[in-house]
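Here we start with a single chain on its own, the form predicted alone, put down as structure tokens.
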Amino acid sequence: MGVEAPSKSPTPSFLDRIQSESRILPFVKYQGLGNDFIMVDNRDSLEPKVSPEQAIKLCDRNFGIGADGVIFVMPGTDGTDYTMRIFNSDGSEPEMCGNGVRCFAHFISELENFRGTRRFTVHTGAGLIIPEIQNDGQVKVDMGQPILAPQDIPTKLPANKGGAVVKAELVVDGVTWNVTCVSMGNPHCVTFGMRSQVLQVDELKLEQIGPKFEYHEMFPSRTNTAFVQVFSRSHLKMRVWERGAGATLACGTGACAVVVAAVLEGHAERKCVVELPGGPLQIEWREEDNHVYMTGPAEAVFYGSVPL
């Protein structure tokens, strides 16, 4: 007489186990001039769905999705339409991100099914930001007024021109650089070169020099650093080392800070094309309202979901 084998419950599939054991995070990957972000729909809460530690893993280009940061679309606060928060690829949280806010605007349009020109208000760590999607798909952003007082940037370099730090000397590894310091809600150190030398930005070893600026003792909150080459009074070229993200293809707040610094140093007019490794941005520092306006592209790269 045969012995009946004990019955076995069906083995759960890999996907069944993921869905039962893990939280699935839908996301959209966006890029603005090569500065790329994992966009998360967080409109149901002011608490990020991803922790800084998880953001580090998601941003890893070998073992994760790969990105310069994770951006959260949250409910509006202080009377704004939306709130934007961002974790950098190292888990730190910057006040704002210029390329990121353009991606943020396009992502909102997708989430809300907006069509045509649309303008809305965004609360950020840098204050009120107002992006406007143009008919051609570009995003124009009112980035607000630049901050020039050294204690508010912050930098320990003393003011040397009208309350601002303009073309001040900064010694990095025994080399004296001329720097102008600007905050666009986040700190920027802008340099056009070392004393009388003209900077050739393509020749820079950014991975070596960038961290030495970022962690310099003159910048108590660390700093983003822009290295700039002047082609004309309306055409500037920059490479950027971003605080918390390293060398990136573009930095929107950095491009804004570059035009402000170029005007203060007498290199450029108030309306410029700023050429970055990822492409150009149009920047205008308007004299009538002292606001800086940035215009540039943003686009979705792919859609996905990931277990946390």
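Note that residue numbering follows the sequence shown and begins at 1. The model shown is predicted, which means the values in this text are computed figures rather than measured ones.
There is another form of this protein, the form predicted in complex with a small molecule, and it is not shown here; the text below is about that form.
Contact annotation: the small molecule lies within 4.5 Å of heavy atoms from the stretch 235-243 in the model of the complex, the single such stretch among 23-31, 235-243, 260-268, 47-55.
Site annotation in the model of the complex: the residue of Val139, Ile108, Met96, Ile129 reaching within 4.5 Å of the small molecule with a heavy atom is Met96. Although the partner is absent here, Thr180 sits far enough away that none of its heavy atoms falls within 4.5 Å of the small molecule in the model of the complex. The small molecule in the model of the complex is approached by Asn88, whose closest heavy atom lies within 4.5 angstroms of it. Within this chain, Thr191 is remote from the site of the small molecule in the model of the complex, having no heavy atom within 4.5 Å. Using a 4.5 angstroms limit between non-hydrogen atoms, Asn186 touches the small molecule in the model of the complex.
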